[in-house]
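Shown here is one chain on its own, the form predicted alone, set out as structure tokens.
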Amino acid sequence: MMASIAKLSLWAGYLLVLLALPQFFDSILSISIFNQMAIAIIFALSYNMLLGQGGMLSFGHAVYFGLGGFLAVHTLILIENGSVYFSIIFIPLVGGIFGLLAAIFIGSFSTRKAGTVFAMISLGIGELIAASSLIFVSFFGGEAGVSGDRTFGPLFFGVDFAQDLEIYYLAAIWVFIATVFMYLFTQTPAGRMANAVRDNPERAEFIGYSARRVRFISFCASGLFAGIAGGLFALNYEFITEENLNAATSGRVLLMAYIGGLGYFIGPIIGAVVLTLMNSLLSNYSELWLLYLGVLFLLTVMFLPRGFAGLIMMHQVAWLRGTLRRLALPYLITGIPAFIFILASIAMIELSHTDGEVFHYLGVSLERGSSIDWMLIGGIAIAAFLATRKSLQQLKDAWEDANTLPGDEDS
């Protein structure tokens, strides 16, 4: 009973956060970023249903996102022309249905295989659909894409969704609904068996479950929610192009899921927020933000294979034992020089890339041709790196102390 109340409270808090965000960040830029986050969260969670829960590495997941978005825009055009008449609040569902239909067709043959074969099939399908979008201009609109107008159609309680804030609240509701249903899917027998097929398909077959059928069900569910994300994208931007179908978009959602933490339900949400912030904010300050994204992904693969969510869950034992506070000071001792090392490294990278002779960084003017500036930044970076490395043993000892109860050493 208490567990059920705790879960309901958690979901209520999640909905409250979604609805309350614009009250604290009400600028045009903030609302735009929140809309992008909402789309990315559903898209990343749908991808996690494939890779994190089902073990199906896909390089063409953008197909279902893009196809759902294209049908959503065409539906907006039909509403504008008066051919159909319903509120645009159902547009994401239209995109989801088309994403589901596409997943049923493609999954009927792609889910017969797993592993590398499945990944190559998904890559081939993705490239095929992306190339077709430039050929079948009547539906995909060629390089220019297709655009619509979300303000036509019947009002929804007097709202015409002309403002981005109105779209955000609609997106927030859809994010909540999609998140709830994707979580509930993980609790169904199909969702549980998807984990079993991911870990050991032979054993799943041995106890009477068809690995292909389990993969097919997960694949279709993933396509449905990816299409919903595509429908939200169409509503937010009122246009969609070939870029929403290509490998770059598929790669982006893979990064979201992996950096956030595959296998953890909250992982893709974290990854979607991080990548959206990097894309929306960091790109405004640096042309090299994709380089930093690549470095972040590389470091995640090397040192955090379970992503940010895995890093958070590593502290569960210390949290339950009440020893988490023992890590506060060691984290500060290691984190401060590590942060200084990161800032110094960014300064050197940006200084080497700047077009002018002077680079303004954190209120300091640095000259590209100044040997003194280079030596100063390099010295700070080396000193911070050595300090970080020296403090790691202390952090390791504190970690073992926080995760070990008295008497565990003897056992």
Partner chain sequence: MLEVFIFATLNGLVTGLLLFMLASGLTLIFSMMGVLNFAHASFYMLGAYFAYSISLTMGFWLGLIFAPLIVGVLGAMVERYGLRRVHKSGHVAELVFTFGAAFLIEESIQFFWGPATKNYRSPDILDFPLFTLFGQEFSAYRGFMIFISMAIFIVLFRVLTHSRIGIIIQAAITHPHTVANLGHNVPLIFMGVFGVGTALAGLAGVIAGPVLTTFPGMAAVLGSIVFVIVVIGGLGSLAGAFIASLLIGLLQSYAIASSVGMPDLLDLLGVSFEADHPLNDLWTVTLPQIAPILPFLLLVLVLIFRPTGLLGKREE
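Predicted model, so just to flag it, every value in this text is computed and none were measured. Positions refer to the first chain, counted from 1.
Keep in mind the form predicted together with its partner chain is missing from the figure; the text below concerns it.
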Only one of 171 to 179, 113 to 121, 86 to 94, 327 to 335 sits within 4.5 Å of its partner chain in the predicted complex by heavy atom distance, namely 113 to 121
Check each of A309, L254, V273, I79 and return the one that places a heavy atom within 4.5 angstroms of its partner chain in the predicted complex.
L254
May I ask whether F109, A131 and Y258 each come within 4.5 Å of its partner chain in the predicted complex, counting any non-hydrogen atom?
yes
Answer with yes or no whether S138 is in contact with its partner chain in the predicted complex, where contact means some heavy atom within 4.5 Å.
yes
Please tell me whether any heavy atom belonging to I104 falls inside 4.5 Å of a heavy atom of its partner chain, as the geometry stands in the predicted complex.
no
I'd like to check something about P305: if you look in the predicted complex, is any of its heavy atoms closer than or equal to 4.5 Å to a heavy atom of its partner chain?
yes
Although its partner chain is absent from this view, report whether L298 comes within 4.5 Å of it in the predicted complex, heavy atoms only.
yes
At 4.5 Å, heavy atom to heavy atom, what parts of 170 to 190 sit next to its partner chain in the predicted complex? List them in sequence order, or say none.
none
